[in-house]
Each structure stands twice: as structure tokens, then as C-alpha cells.
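In C-alpha cells, the next block holds one chain alone, the form predicted on its own.
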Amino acid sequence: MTKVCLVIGAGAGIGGNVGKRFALEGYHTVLCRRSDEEGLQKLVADIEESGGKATGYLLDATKENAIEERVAQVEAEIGPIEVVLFNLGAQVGNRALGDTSYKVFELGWRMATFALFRLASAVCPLMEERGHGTILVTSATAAVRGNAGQHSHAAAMGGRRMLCQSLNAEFAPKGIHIAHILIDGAVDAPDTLGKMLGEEAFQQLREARGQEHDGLMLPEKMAETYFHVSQQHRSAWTHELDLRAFSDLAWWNHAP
């Protein structure tokens, strides 16, 4: 029977690399991202060229019923979803309180928290019926530490973390592994950090901290951790972990 790994938020960074890692282990990876059909199909082609199976869909996770309908379609047409990676970002930029409109604040919540709730509502009953399944949730430092200018992001990611804890409390005893993976640092990802900084600044950061310096987290190496967590025996499940480059201070050691 086909095993499916569904990736919500499949860019060229964490999402695409985690999808590729699962495909190498025999999963049919279903990659979903909001935009950039060309980039999506490049990820699919890369997996297929490596001998794996993949399907790509454009998906706006804030659109009503989009997540729910995609889960139903994948289950009906491809196979049972064994693993889900929820990898949506929710960064709306560094904004003072007065510059954060109601709409912008709510957008962060819709992407970070409500979309995860909707995904869980769609996939958890299916996993519960089968008695097993894994939901991997990418998170951020903002889930545990609020900073100036991060009103929407910190509130949304903090909500994501608490939702993961609540899902774990309800569904772990039913055989569903919920893992909250906190990314505490910069990821060498052109689709996310690269777009935020701009091409020139991103390349300068890579030269100063990345590449041979190993000061930026490499998505292909991070994917190994995601896969490892998904394969843990239920007697020793990890619910929460954090990842950072060796040269970065951990979130709890930063000055206020």
C-alpha cells in the first residue's frame, strides 16, 4: 500500500527537503505550496529524478475548505496519509503595534494556528481510525519568546505551540505522534529567508555565516531530524525539540 507524506508549505527550504527525504524512503510525497507553479514542479521533478514519487499542488491554506478538500483528495486518489509536515510560515514582517492592522494580525493567526487546527480536524480522525500517524509541525523562536515588532507572529506561533500540546494530549494515547519542531535560527532557504532579505543581502549572509561556516541551518540536514522523529518508537516519542546552528545562542540565552 502507498504511504503518503503530505507537506503543507513545500518551498525549496525545509518543506521541499523533508519531502525529498521521505520520498527516498518509499513515501509518495505530496507537496503543497501557495504559489510558484514552476518552483513546485521543479521540486517534484527533483524527487522523481532521484527515484522517488511525488505530486505537487498549489494550495492557499487560508482559503475556506482548501486544506480539507486536499486531504480528502489525497486519501481517495493517492493513499493513506501516514505523515504530515505542517510547514507554513506566518511572518508578516517586523511591525510596531500601531502599524499592525487587525487584518494583518489575523492573517498571522490564520496561517500559523487556524490552518493547523483545520489540518488536524481533517487528518486526525483518519489517523485515529487507522491507529497511527505522525504530524510534524515546524515552529519558530517566536513560539517561546515575543519581541518588539512581532505582535502577530509571536501570538500566532505561541498559539501553534499550545495547539500542538493540546493535540498531543488528545491524540498521542490514540497512536498519533505530534511533534513541535522549533527552528531557533536562520535557515539557508532561498524561498523564505532569501525573499525576506533580498537576493544581495541573502548572498552576503551566506558568505559571512553560511556555506563552509555552517552558521546557517541547512535544510537537507534538518530533514534528517524530521525523518528521525517520524520514525521514533512510541515508547520514546519526542514531542518538542529545537534546532539551531552550532554557532548560535539558544533562545533562552539571548539578552532581553
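Source: prediction; values computed, not measured. Residue indices: 1-based, along the sequence shown.
The form predicted in complex with a further copy of the same chain is left out here; the points below concern that form.
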Handout entry: Every residue of K42, A61 and V83 near a further copy of the same chain in the predicted bound form, heavy atom within 4.5 Å
Key = no
Handout entry: Contact flag, L24 vs a further copy of the same chain in the predicted bound form, heavy atom cut 4.5 Å
Key = no
Problem - Partner proximity in the predicted bound form: L205 to a further copy of the same chain, non-hydrogen atom cutoff 4.5 Å - result: no
Practice task
Using the partner position in the predicted bound form, report whether H213 sits within 4.5 Å of a further copy of the same chain, counting heavy atoms only.
Solution key: yes
Problem - Any non-hydrogen atom of V30 within 4.5 angstroms of a further copy of the same chain in the predicted bound form - result: no
Fill in the blank from the handout: In contact with a further copy of the same chain in the predicted bound form (heavy atoms, 4.5 Å), from 34-42, 225-233, 197-205, 48-56, is stretch 225-233
Practice task
Taking 4.5 Å between heavy atoms as the contact cutoff, choose which of I78, V92, L136, A154 touches a further copy of the same chain in the predicted bound form.
Solution key: A154
Practice task
Enumerate the residues of 219-249 that have a non-hydrogen atom within 4.5 Å of a further copy of the same chain in the predicted bound form, in sequence order, or give none.
Solution key: K221, M222, E224, T225, H228, Q232, H233, R234, S235, A236, W237, T238, H239, E240, L241, D242, L243, R244, A245, F246, S247, L249
